[in-house]
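Here's a solo chain for you in structure tokens, the form predicted on its own.
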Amino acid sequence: MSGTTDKPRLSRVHMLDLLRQMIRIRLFEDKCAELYTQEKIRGFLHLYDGEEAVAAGVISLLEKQDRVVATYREHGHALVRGVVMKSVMAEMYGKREGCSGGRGGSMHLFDNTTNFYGGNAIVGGGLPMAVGLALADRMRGEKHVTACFFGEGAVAEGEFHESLNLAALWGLPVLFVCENNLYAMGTALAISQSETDIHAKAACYKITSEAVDGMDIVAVEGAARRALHAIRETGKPYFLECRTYRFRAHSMFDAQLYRDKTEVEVWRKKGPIERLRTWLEANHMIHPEELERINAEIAAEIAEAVAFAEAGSWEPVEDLTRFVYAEAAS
């Protein structure tokens, strides 16, 4: 992974890598939607289509020992962070080979080998966790960054304000990333918040903050570089509001009665993948056969992940009480 003090690398290789990461997320999510309709994946499923630039633009800049705390819409975060796709898909199936042993499913991906502290089904629940991880690093004298992702719906929760206040008060190295997709579950931002500039709320706590076009991966990556450099230099928190949009429903159970289909189509035309691909083509930085190869390689990886999940094993019934209570030390 690249260091955060490097200058932006707008080389052809780098831009193709960013495009690949976003396409990888998109195709994985498409397959998950398909498997859900086949009842191979059950429970709740929250997909990331349209928001790929945020995960790819921020997480790829983190160092190995940095932590990532995500939301229940976290498949994209996990994949960019380096959680093996096979283990993610197996977790979606509820198989014991999954990254959470089949116990978490879509909303609770976790992987300690990549410092991915994963999804949290409680809206805003990851915010105090991120502050706690950063405080632990500070107390141990370890100079890591904790990146915390959350939607604008979490801004209405008390722990949002408590967490920002403590991070600012104690000077903790947290990168707060608000993925503002405008609707939370199904309520438009303007209906639920009197102040719709989310980053302005962070500024009230004396946290350096900025808003960025979350559909432009170059803009997201540039803002993330500035933020991470500032955190590593000062040890203090930084806040990014990434203004993005989800193309699919809040979850697979959502009828989307709160927004027009035409609005979604307008946003699709300025989606992060379409935007970067069009720019690369206009600047003769990608050829049709390269795009075909990228899609084919990712499709093969996804097929392999599905086969791995299909062949996975169910946890034995007799093991279901494991990890429910802490075992007494002998």
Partner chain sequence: MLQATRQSGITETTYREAVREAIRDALKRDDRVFLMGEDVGRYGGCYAVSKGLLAEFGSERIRDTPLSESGFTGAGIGAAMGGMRPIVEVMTVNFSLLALDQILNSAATIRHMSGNQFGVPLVIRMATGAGRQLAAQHSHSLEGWYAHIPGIRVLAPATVEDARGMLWTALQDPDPVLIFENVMLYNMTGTLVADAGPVDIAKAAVRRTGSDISLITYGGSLWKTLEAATQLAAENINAEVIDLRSLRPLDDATIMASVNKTRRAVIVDEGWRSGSLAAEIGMRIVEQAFWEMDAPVGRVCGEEVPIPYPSHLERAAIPNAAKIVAAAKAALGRD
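Numbering follows the first chain given and starts at 1. Note that the coordinates shown come from a computational prediction; the quantities given were computed from them, not determined experimentally.
In what follows, reference is made to the form predicted together with its partner chain, a form of this protein that is not presented.
Engineer: Hey, of 75-83, 168-176, 230-238, 97-105, which bit sits against its partner chain in the predicted complex at 4.5 Å between non-hydrogen atoms?
Structural biologist: Result for this chain: 97-105.
Engineer: So in the predicted complex, does any heavy atom of Leu47 sit within 4.5 Å of its partner chain?
Structural biologist: The answer is no: Leu47 has no heavy atom within 4.5 Å of its partner chain.
Engineer: With a cut-off of 4.5 Å between heavy atoms, is Ser11 one of the residues that contacts its partner chain in the predicted complex?
Structural biologist: Although its partner chain is absent here, Ser11 would stay clear of it in the predicted complex, with no heavy atoms inside 4.5 Å.
Engineer: My question is simply whether Ala203 lines the interface with its partner chain in the predicted complex - judged by any non-hydrogen atom within 4.5 Å.
Structural biologist: Ala203: no, not in contact with its partner chain in the predicted complex.
Engineer: Flag Gly132 as yes or no: does it have a non-hydrogen atom within 4.5 angstroms of any non-hydrogen atom of its partner chain in the predicted complex?
Structural biologist: So Gly132 does not count as contacting its partner chain.
Engineer: To verify the annotation, which of these, Arg277, Lys270, Arg293, Arg42, has a non-hydrogen atom within 4.5 Å of its partner chain in the predicted complex?
Structural biologist: None of the others qualify; the residue that does is Arg42.
Engineer: Heavy atoms within 4.5 Å of its partner chain in the predicted complex is the criterion; list the residues of 297-327 that meet it.
Structural biologist: In sequence order, Trp314, Glu315, Pro316, Val317, Leu320, Thr321, Val324 come within 4.5 Å of the partner.
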